[in-house]
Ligand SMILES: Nc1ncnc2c1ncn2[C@@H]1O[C@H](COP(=O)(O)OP(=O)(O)OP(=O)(O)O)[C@@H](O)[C@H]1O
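Before any questions on how it binds or moves, here is one chain, the form predicted alone, in structure tokens.
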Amino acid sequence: MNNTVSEVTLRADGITKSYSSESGLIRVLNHINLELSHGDFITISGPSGCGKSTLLAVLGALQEPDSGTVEYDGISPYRLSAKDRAQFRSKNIGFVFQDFNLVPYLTVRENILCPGIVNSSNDWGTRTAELIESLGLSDRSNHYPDQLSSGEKQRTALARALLVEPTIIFADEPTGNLDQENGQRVLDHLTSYANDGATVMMATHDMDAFNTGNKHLQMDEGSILTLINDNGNN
């Protein structure tokens, strides 16, 4: 695990984000303030269009906010050059998406190895083999995405996100296309990763998945309505 960060993994202050539409600007994030720490598994719920996915993208250094700051242990990814920001993401942030985002012409093993391209100083073969084994993909390692079930695709995407042992993983509806058994398998791995000291933030419409986390955030109209710890404190 990457141990180069402080207790607070990520801090967001005053985040706003809007998109243009025919009727004018639509505010998607409305002055979001948030702190994520090691061991947090934060789950986010809220109606479609409330800003969950946009929040993950902004915090994950994929979409620059209109205003406000995002910091990882004092490092502001949006103040880095595009190249340096991409390198920062590849070393510190993992993403798991509902639609998998696998490269269709790469095998399972090659897809998992993708984040290691930027981190080429390491030999990722052993780590990849461990992930393939632990996620039950040993008999699929040389298969292509169109030869996989939805559960196998999502487990491949999860292995890819875990490869470099990032400080934080953002998961956007990772169980939305999965049956109950495969969905639970993904949730178990995310929970285990948080329990090992990393940070996981997951958006979901599934209340069972929402209850998996140890902190629960509810959003509506671009704002955080509540943030509840398992001990019941806001």
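Numbers for residues come from their place in the sequence shown, where the first is 1. On a predicted model such as this, the values are computed, not experimentally measured, just so you know.
Not pictured, yet referred to below: the form predicted together with the named molecule.
For the three marked residues, Val28, Cys50 and Glu173, a heavy atom of each sits within 4.5 Å of the named molecule in the predicted complex. Proximity to the named molecule in the predicted complex, taken as a non-hydrogen atom within 4.5 angstroms, holds for one residue of Thr107, Ser90, Gln98, Thr128, which is Gln98. Note that among 184-192, 66-74, 163-171, 41-49, the stretch whose heavy atoms approach the named molecule to within 4.5 Å in the predicted complex is 41-49. The closest heavy atom approach of Thr199 to the named molecule in the predicted complex falls outside 4.5 Å. Applying a 4.5 Å heavy atom cutoff to the named molecule in the predicted complex picks out His205 as the lone residue from 177-206.
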